[in-house]
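A single chain, nothing else alongside it, follows as structure tokens in the form predicted on its own.
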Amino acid sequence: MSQLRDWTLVDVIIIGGGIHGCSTALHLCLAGLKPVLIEKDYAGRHASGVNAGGVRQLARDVAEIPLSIRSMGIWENIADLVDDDCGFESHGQVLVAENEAELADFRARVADLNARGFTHEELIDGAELRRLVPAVAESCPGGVVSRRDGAAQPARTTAAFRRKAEQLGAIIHEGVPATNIRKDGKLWRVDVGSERYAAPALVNAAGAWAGHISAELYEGVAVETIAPMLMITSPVPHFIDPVVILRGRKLSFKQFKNGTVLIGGGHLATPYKELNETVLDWRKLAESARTVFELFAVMRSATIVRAWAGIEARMPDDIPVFGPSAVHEGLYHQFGFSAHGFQLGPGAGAVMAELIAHGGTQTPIGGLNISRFSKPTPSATA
């Protein structure tokens, strides 16, 4: 790090302090680079700190699977990286088929993945489903399991990545937004309150706010702001170890050691991102609760204790924008994880650091490039 007149010169500027920004900062430090991370609120304030904590390879888009596999290897040794196990537990994740038609669709998907060389998803029959999830309704004929999957504690995880990155030399700015983002010659320049930074590389990891940044840099894409809802129940007797998800009806849930059950699955609140606020849709929450109660009789005595939502970005095709800019040298995008980016965070940070430090990666990410959406408008600063 050096002074460039009244500018602080670093190797990389990262905008956004969710798990992706913090993971990228950490891995850049491990690569011998000096990053500055800028978060307008605090690390994990939005999606990264308030999601369901699912650590899943299961049911991902094919374009995401290599990144998910890369990330899973890091999750399984997470304490070695961040000095905290992040509450990670690997009891698998199970996708339940509610009828024979869904099971047929799952069978076709698993066959397709196997043909592509991916073996992490395993089709299971009703007997194996009930061995893994004994309390499931007898009407469910089977499903799919990814046995290495699990869950972790999202706020704790994001804080661990932030803490370790700072210990390794990353500069962390919280509570002040990045402003006046521009390219000047070969350097990116960003103002952070009274501080000013310059770097040859800039990472746009700003979550629901990343679309504004990409648009200002002549690389606008359609980014929708969403607010997935979650709720926690009163304790019930232990009945499940894996995380369970449904596709026909929006649902995911897991049981904690204290007996409480976390219920999510994709129903959305109304986000007001400029206010950092959300308004819950209690009818949709009731729908999620009703689905759980129908499938698991043990849940019928539970009550809902608390509900919340986090603000994040969703892309039109439900997979992230990840990789180099199609317009600017030294600009990288890492956003739009569409309500399933938590598991990808550790691996995405490692891959992004490889792209910046070495100019490439062995992890296939071509299907995630921003250029899949549009032909960006050229800029005079490109």
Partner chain sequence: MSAVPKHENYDVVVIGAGPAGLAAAEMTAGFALSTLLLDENAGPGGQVWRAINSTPVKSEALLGSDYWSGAEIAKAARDSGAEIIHRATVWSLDRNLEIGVSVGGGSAFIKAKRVIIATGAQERPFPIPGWTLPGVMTAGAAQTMLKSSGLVPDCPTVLAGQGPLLWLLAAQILRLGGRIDHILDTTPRANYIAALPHAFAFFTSPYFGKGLAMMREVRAKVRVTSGVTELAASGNGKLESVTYVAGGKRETLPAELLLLHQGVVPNVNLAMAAGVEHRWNELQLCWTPVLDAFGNSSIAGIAIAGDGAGIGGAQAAVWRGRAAAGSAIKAARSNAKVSDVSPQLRRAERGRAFLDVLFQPAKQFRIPQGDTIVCRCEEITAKDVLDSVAIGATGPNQLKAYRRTGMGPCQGRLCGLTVTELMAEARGKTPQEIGYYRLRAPVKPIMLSELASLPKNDEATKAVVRG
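Positions refer to the first chain, counted from 1. The structure presented is a predicted model; accordingly, all values stated were derived computationally and were not measured.
Beyond the structure shown, there is the form predicted in complex with its partner chain, which is absent from this document and is the topic of what follows.
Q: Within 4.5 Å of its partner chain in the predicted bound form - does that hold for a heavy atom of every one of Val279, Val292 and Ala307?
A: Each of the three qualifies.
Q: Just to confirm, with a 4.5 Å cut-off on non-hydrogen atoms, which of Ile124, Ala155, Ile240, Leu113 contacts its partner chain in the predicted bound form?
A: Selected residue: Ala155.
Q: Though its partner chain is not shown, can you say which of His328, Lys34, Arg45, Arg70 has a heavy atom within 4.5 Å of it in the predicted bound form?
A: Partner contact (heavy atom, 4.5 Å) among the options: Arg45.
Q: Okay, which stretch from 101-109, 205-213, 182-190, 295-303 lines its partner chain in the predicted bound form, with non-hydrogen atoms inside 4.5 Å?
A: Careful reading of the contacts points to 295-303.
Q: Going by a heavy atom distance of 4.5 Å, is Ala286 a contact of its partner chain in the predicted bound form?
A: Because a heavy atom of Ala286 falls inside 4.5 Å of its partner chain in the predicted bound form, the answer is yes.
Q: So, in the predicted bound form, is Arg163 in contact with its partner chain at a 4.5 angstroms heavy atom limit?
A: Arg163: yes, in contact with its partner chain in the predicted bound form.
Q: Any of the heavy atoms of Leu262 lying within 4.5 Å of its partner chain in the predicted bound form?
A: No.
Q: Although the partner isn't part of this model, could you tell me whether Asn258 comes within 4.5 Å of its partner chain in the predicted bound form, counting any heavy atom of the residue?
A: Contact with its partner chain, yes.
Q: Out of 218-236, which residues reach within 4.5 Å of its partner chain in the predicted bound form, heavy atoms considered?
A: Contacting residue: only Met231.
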